[in-house]
Structures are given as C-alpha cells and as structure tokens.
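This document opens with one chain alone, in structure tokens, the form predicted on its own.
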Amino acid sequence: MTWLPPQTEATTLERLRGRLAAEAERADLLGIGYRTVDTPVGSLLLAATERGLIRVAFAREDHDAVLEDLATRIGPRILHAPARLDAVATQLEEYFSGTRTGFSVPLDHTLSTPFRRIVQEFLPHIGYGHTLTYREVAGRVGNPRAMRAVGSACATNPLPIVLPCHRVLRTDGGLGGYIGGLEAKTALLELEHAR
C-alpha cells in the first residue's frame, strides 16, 4: 500500500466519493443525496431525492440520526452527493447574506402527513420579515381550532428555514418551540428584522 500525505489522501477520498455519487446518479441508483453547509445558525444537513429537497436538519438533531431515519423511511441508497444540493446551498448562502427572501427549489413532501403538509406549504406565504401566530395560521389554512395541530406541523417541519416555521409565534407573542432551538429561531427572526 502506498503512503499518501493526509491532505492528499483526503482529497483523493473526496474525489472518489464524488465519482461514486455521480455514477450512482447516472445509473439511477441514488435514492437520497446529502451534504452539509455551514451557516450562522450552525451546520445544516441538506438531503434531496430526485424529486427535490426532502430534509434540512440542524446539528442539534444529530445528522447521523437524521440520515438513519431517512434510510428507514425512504430507503438505504443514501450517498454524500453535494452536487445534487448545489442550488439549495447557494440559495441558503444568499438568504443568510440578506440578498434572498424566499426559496425556489423543488421540494419533496414525502415526510409530511396531509394536514401537516397543508400547514408547511402555507408557511412561505408568511412574508419575509413578518410573523403570524399559531392561531392565525390555523385560521389561514381553514381550520381555526387546529392551533395545536399547526404547532405540531411546525415542530415536525422537515424543511425548516426553506419552509419558514420560525415565522410562527405563540398568541402571546412568545417564540414557542423550534426544531433548531430558540437561539436559532431568534437569530432567523433578527436576520429578517421580523415584526
């Protein structure tokens, strides 16, 4: 076996992983491609099927556990395939730099139940820099008594930031919960100068 300096070995491994992902994609063998991106709210795991972005996960969710969950629920053909997520990574970078106020990438809603999907699909209609309460969202999706269900839909949102559940607050103006933690929710609202 030939010895390679650690940096050369890492570069070679990354190149080989890239070739494997590209070959798997060409052969239609790639179920889910994933990558991570560093952001002001920490490292985010991005995962996409061929239909679109299926998961955005904060580091506090444990990226390895999220990938295991995806393997169980969607399928085990998961590879580190950054190219599949280049558009999402670019749009997130633009969002965090303040030059983007919404996202325009294909989404895969397979992880959502029907009602939760209705709520999650409504979330981008809360304008950048604005907030609504759980009660107001329940009314807007046609079920004014479903405040708790709206809370559950936000708490289980598989695509936070892209589907901006951080723009939903408690009726008393409190932050409520957030899958990325209250520090991340506060940071996102401050970024948007939300009112």
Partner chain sequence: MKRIFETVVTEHQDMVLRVCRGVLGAHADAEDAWSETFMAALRAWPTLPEDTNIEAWLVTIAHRKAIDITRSRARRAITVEHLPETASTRGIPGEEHELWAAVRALPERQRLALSYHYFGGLPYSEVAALIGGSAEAARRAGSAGVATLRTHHHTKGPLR
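Positions refer to the first chain, counted from 1. Rigid core here is just the name for the largest C-alpha set that superposes within 1.5 Å across the two forms. Not measured: the values here are computed from a predicted model.
The protein also exists as the form predicted in complex with its partner chain; that form is not presented, and the subsequent description refers to it.
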Quiz item: Are all three of 16, 76 and 80 close to its partner chain in the predicted bound form, meaning a heavy atom of each within 4.5 Å?
Solution: yes
Self-check item: Position in contact with its partner chain when the complex is considered in the predicted bound form, options 68, 50, 62, 136, heavy atoms within 4.5 Å
Solution: 68
Practice problem: Choose from 53 to 61, 125 to 133, 22 to 30, 143 to 151 the stretch whose residues reach within 4.5 Å of its partner chain in the predicted bound form, heavy atoms counted. | Solution: 22 to 30
Quiz item: So in the predicted bound form, does residue 183 come within 4.5 Å of its partner chain, heavy atom to heavy atom?
Solution: no
Quiz item: Is residue 12 a contact residue for its partner chain in the predicted bound form, using a 4.5 Å heavy atom cut-off?
Solution: yes
Exercise. Scan 145 to 181 and write down, in order along the chain, each residue with a heavy atom lying within 4.5 Å of its partner chain in the predicted bound form.
Key: none
Practice problem: Once the core is aligned, please say if the CA of residue 14 is shifted by at least 2 angstroms between this form and the one not shown. | Solution: yes
